[in-house]
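One chain comes next, on its own, written as structure tokens: the form predicted alone.
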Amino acid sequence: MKIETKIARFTKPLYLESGRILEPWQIIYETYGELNEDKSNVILITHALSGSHHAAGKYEGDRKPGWWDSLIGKGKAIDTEKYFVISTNVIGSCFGSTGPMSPIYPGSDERYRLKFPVITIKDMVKAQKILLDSLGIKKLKAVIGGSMGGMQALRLAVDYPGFAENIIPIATTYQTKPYVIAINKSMIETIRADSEFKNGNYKPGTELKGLAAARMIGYLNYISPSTFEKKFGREYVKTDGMFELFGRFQVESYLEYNGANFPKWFDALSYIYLLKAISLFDISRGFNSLDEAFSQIKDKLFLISFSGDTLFFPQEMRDIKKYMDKVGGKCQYFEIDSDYGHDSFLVEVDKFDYLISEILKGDLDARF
């Protein structure tokens, strides 16, 4: 599989939903496969909160492949022998696109930090559209993303009707609910309470314990209670004493391990900014109603949810289907039987990859 990583730099201002601008700005992106002559085989992949542009394949020296490698590649559901796949890193993230730890001006030692503007899902999608325009791509075969990536897919469908033939949001919502906003707030305040955070003025590369703790909070909602039960039960760490105050259950050890690793590769400020973007997400903002927002969608919308998702509950995607039916849109809904939890879209690809394949081939179009 041919993999290329590129950075697109833009000098024209990116006008944000907040009224502020980014100038200059850049997006890092990765491509897989070959673009056909008429540029009709392009699939855009949009990532979740802690994802990146590295969705598939391996870089030299990598132990693990990209985060959706089981879905993207030769002979896989998103077949790179057929499709030209573009995976972008959203603005605000920390893997090469403009974000809070970027220099304010090229070559400057001063970083944005908390001076970085609040960004939204709409801003992320606008930046992606500008990138695609610069590449001469006038139409997408599909846009596919899970969680925050699903928000981007849905936003693109509303803001740029007719641009993507197939819209495939997975494990997402149309409007972030108070429960998730509260979770995000808890994670943000955990980071801010870390004395090493220093109001955003920590040294780049600092492995903040507050970020580690915030990630542990996140895991409570990415994995379902039943999965915690199956994986760990009430097993205790064999080397810890049962009556040591900080002796650990296996589930606690798991959270500690994953929490401690997270600050090694993700930035605290980016985490805060992206959590804010998720909390702000509301597909109807800028419209008079949800009906009006969903009536903008002219493309084929395929919704995929998981029965055991305890972050973005299946009912939220069923509601999207109801709105689409109400406004006469083309929409199909699929609920995957799974008790793993929200992260099913990452770890149980084998349960839905056939759907992606059928959608891309047009096998499900007759159902409209």
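Counting begins at 1, following the sequence as shown. These figures come from a predicted structure and were not determined experimentally.
Beyond the structure shown, there is the form predicted together with a further copy of the same chain, which is absent from this document and is the topic of what follows.
- For a further copy of the same chain in the predicted bound form, the listed stretch (86-94, 72-80, 152-160, 209-217) containing residues with heavy atoms inside 4.5 Å is 209-217.
- Taking the partner from elsewhere, residue 276 is found to have a heavy atom lying within 4.5 Å of a further copy of the same chain in the predicted bound form.
- In the predicted bound form, at least one heavy atom of residue 17 sits within 4.5 Å of a further copy of the same chain.
- Taking the partner from elsewhere, residue 120 is found to have a heavy atom lying within 4.5 Å of a further copy of the same chain in the predicted bound form.
- Residue contact with a further copy of the same chain in the predicted bound form: residue 140 places no heavy atom within 4.5 Å of it.
- Within 4.5 Å of a further copy of the same chain in the predicted bound form, a heavy atom is found for every one of 194, 228 and 252.
- Just one of 298, 111, 177, 129 comes within 4.5 Å of a further copy of the same chain in the predicted bound form, counting any heavy atom, and that one is 177.
- Residues 242, 243, 244, 245, 246, 247, 248, 249, 251, 252, 255, 256, 272 are the ones in 237-272 with at least one heavy atom within 4.5 Å of a further copy of the same chain in the predicted bound form, listed in sequence order.
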